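To begin, one chain is listed below as structure tokens, in the form predicted on its own.
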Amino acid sequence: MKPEVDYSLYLCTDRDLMTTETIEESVELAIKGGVTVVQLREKNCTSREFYEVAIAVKCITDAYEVPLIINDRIDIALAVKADGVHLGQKDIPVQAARDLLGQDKIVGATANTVESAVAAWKSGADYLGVGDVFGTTTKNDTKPVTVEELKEIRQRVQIPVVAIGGIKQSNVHLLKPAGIDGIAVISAIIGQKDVRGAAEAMLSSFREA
């Protein structure tokens, strides 16, 4: 059965930015600080390494009952029995992923226009990651999305919308008019010396906004 998900504070991992020695430590501290969803992103490792890291991270997310989403790799998601997968616009279609994963898994999709958001929703996506809202250093092929566009996307689809892209404690309040369901954060949590404290502050700022 597909889990009920709170998308308020969605963590994306990036081993190049983390201040801890291991991804597992970073993820556990972030969850203790209030992270509600974890997406494991491993762009520069072998499939075997990705699998082994995913197994280790899943032990932590399972212990705290936090959903684990695998970025891009449906094979890894299936192999470790993750809660779902997140697909970029150049990955396989949402419907194809659904056919492989079944109805009980989460399929998230990236969108940066109203058209792509509606298309992903109608194809069966469970949630949308929408951005780049404030500029990001982790990707170089993103398209800026204004708060007004974010608001329109939120109004046009009937699934949760998570904003991503350069979100910090200092600018999260600017997203309030959009009425989104959550924020996706990378460096503003795992790139901080106090990972747990950073997560607590981000969640508090989002919920206040």
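Just so we're clear, the structure is a prediction, and the values are computed from it rather than from any experiment. Position 1 is the first residue in the sequence shown; the rest follow in order.
The same protein has a further form, the form predicted together with another copy of the chain, not shown here; the description that follows concerns it.
Another copy of the chain is not shown here, and in the predicted bound form it never comes within 4.5 Å of any heavy atom of Lys176. Another copy of the chain in the predicted bound form comes within 4.5 Å of a heavy atom belonging to Arg73. Shown alone here, Asn44 lies farther than 4.5 Å from another copy of the chain in the predicted bound form, counting heavy atoms only.
Taking non-hydrogen atoms only, Lys122 never approaches another copy of the chain to within 4.5 angstroms in the predicted bound form. Shown alone, this chain has one stretch from 45 to 53, 157 to 165, 144 to 152, 27 to 35 that lies within 4.5 Å of another copy of the chain in the predicted bound form by heavy atoms: 45 to 53.
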